[in-house]
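One chain comes next, on its own, written as structure tokens: the form predicted alone.
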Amino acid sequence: MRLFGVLAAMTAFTFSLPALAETTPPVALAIHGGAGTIDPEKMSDEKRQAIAAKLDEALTSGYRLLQNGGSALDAVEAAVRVLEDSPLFNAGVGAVYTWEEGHELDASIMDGATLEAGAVAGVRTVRNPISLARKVMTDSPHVMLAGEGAEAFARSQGVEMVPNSHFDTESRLKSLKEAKEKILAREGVSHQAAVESLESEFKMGTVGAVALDSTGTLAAATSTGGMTAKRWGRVGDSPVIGAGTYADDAVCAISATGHGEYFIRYNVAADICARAKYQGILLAEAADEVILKRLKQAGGTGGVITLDPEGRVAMPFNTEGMYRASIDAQGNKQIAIWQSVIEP
């Protein structure tokens, strides 16, 4: 339990895992649990410990597969499923509520070796949307399925289904009521303007993973419950290939989290990859340019996790915090919430 005691007193930590044998191909994995307004003064030690433990569990589940020769796709799916099954993050069980007090979930996954991808949007009764997204990629002729059609496909594939109430949590319901009160209180203001005025905590929340396996293949995956109080079947960036998810073995694996409308308009994940590819710069530099400069200047908030073909990890964000964890190709492990990283 020493980990919990350390985490209660600090922002983040890093340490090195035992070095892999020189003949072992490098593997790496990074995950995120969302970015946004994460006030350290308002977060209890207990919650911080729970979040860190769940990030560690998700990271370990994916990394263990990679160490045993598993594929990057297997690793990102496994890691994201752990986060989808936790009420601590805005995906799966912890999904936010729509305006009508239900849940609509989005997810996507991409194979960097083939550029094949699968995505689902607006699903309501699929326990793990990331696994359905992978089924769309491998067992359908399409890239994205939405709503009732996606659910019909899920049933045909034997994907685990649950009632929509499976995703209910008291904390998310409280957030919905607060968001609706703030929107409805702005009399004479359009719904669009009222939503834009909400704090970022109501607009963000996503989970994701990027991985490099022993064959040199990269993969990325992203899953979300979307935006609190969303209406009219709103879909964000998480299931949009190129916006919230992208992978190309030659350059990058990227999963994004933030205000989805901006990530779609600025094609964030693909833009980062293209800058690294065509400008000949490091992926980390490209990610900084997009997240810390271009997106921020436009008013877009959020962050990304990135992984390059050498197993180098970068996780920039322009918000107060971003739940994240990683193990790079050298075995350096990090779990963090806010900006600073503290050596234990």
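For every residue, the number given is its place in the sequence shown, counted from 1. This structure is a prediction, so every number in the text was calculated from the model and none was measured.
Omitted from view is the form predicted in complex with a further copy of the same chain, to which the following refers.
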| property | result |
| --- | --- |
| Contact test in the model of the complex: residue 107 vs a further copy of the same chain, heavy atoms, 4.5 Å | no |
| Heavy atom of residue 242 within 4.5 Å of a further copy of the same chain in the model of the complex | yes |
| Close approach of residue 271 to a further copy of the same chain in the model of the complex, 4.5 Å, heavy atom | yes |
| Exercise: residue 279 in contact with a further copy of the same chain in the model of the complex, heavy atom 4.5 Å | yes |
| Partner-contacting position among 150, 126, 75, 218 - heavy atom within 4.5 Å of a further copy of the same chain in the model of the complex | 150 |
| Single option in 178, 168, 261, 85 placed near a further copy of the same chain in the model of the complex, where near means a heavy atom within 4.5 Å | 261 |
| Every residue of 38, 312 and 318 near a further copy of the same chain in the model of the complex, heavy atom within 4.5 Å | no |
| In the model of the complex, segment of 209 to 217, 158 to 166, 85 to 93, 242 to 250 with a heavy atom within 4.5 Å of a further copy of the same chain | 242 to 250 |
| Stretch 225 to 260: residues contacting a further copy of the same chain in the model of the complex, 4.5 Å heavy atom cut-off | 227, 230, 231, 232, 233, 234, 235, 240, 241, 242, 246, 248 |
